[in-house]
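In structure tokens, one chain follows: the form predicted on its own.
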């Protein structure tokens, strides 16, 4: 059965907020930023609360003032990561100075640079969680599916623009191509993190554009 918003884990006020130092919003945001950093590097299961708290410099009671538990925290981190990533996608896919296919390439180039910047330690949080939980966790499963759907629609819309301008064949199925893009891209990011180089991402991008049905 599908969960409603009322069923989702939500923060609850428990414990004490930190005295002095970071204020309410700053502490909460610092915890979320740290969660995004560590979960993209280590995954959800391998990241302990004590590690997050030590890195941010707040007591455990403060964490439970903002989040009910680690699961609720992970859900908020996932939501923030999703919004951050959508903003990055929009920046490239809405760039009217580039052709539609060049916009996708621009996103890929930016993503590769980002992975390189973090020395191949950080993968994709959404991909990490999908591998860790699969279909075993209803809350994360539904959110992950929604995130991938949102990302897929944005790539599909950009491919539709390419079809409209004649860069893709009229019979091109943009939704299936967008599915193929994310399936391949997530695998490429995983391999690049494993092998500590960008070759898998570059290879996928090269083959993706070669395999597109052209006019």
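Residue numbers count along the first chain shown, from 1. These figures come from a predicted structure and were not determined experimentally.
Note that the form predicted in complex with another copy of the chain isn't included here; everything after this is about it.
- A single residue from the set 106, 94, 131, 99 has any heavy atom within 4.5 angstroms of another copy of the chain in the predicted bound form; that residue is 131.
- Listed residues 89, 144, 72, 111 were compared with another copy of the chain in the predicted bound form; 144 is the one with a heavy atom within 4.5 Å.
- Residue heavy atoms within 4.5 Å of another copy of the chain in the predicted bound form occur in exactly one stretch of 154-162, 51-59, 30-38, 181-189, and that stretch is 181-189.
- Taking the partner from the other structure, another copy of the chain in the predicted bound form has no heavy atom within 4.5 Å of any heavy atom of residue 167.
- Taking non-hydrogen atoms only, residue 46 approaches another copy of the chain to within 4.5 angstroms in the predicted bound form.
- With a 4.5 Å cutoff on heavy atoms, residue 177 counts as touching another copy of the chain in the predicted bound form.
- The closest non-hydrogen atom of residue 148 lies within 4.5 Å of another copy of the chain in the predicted bound form.
- For the partner-free chain shown, 191, 193, 194, 195, 196, 199, 200, 203, 204, 206, 207, 210, 211 of 191-215 come within 4.5 angstroms of another copy of the chain in the predicted bound form, judged by any non-hydrogen atom.
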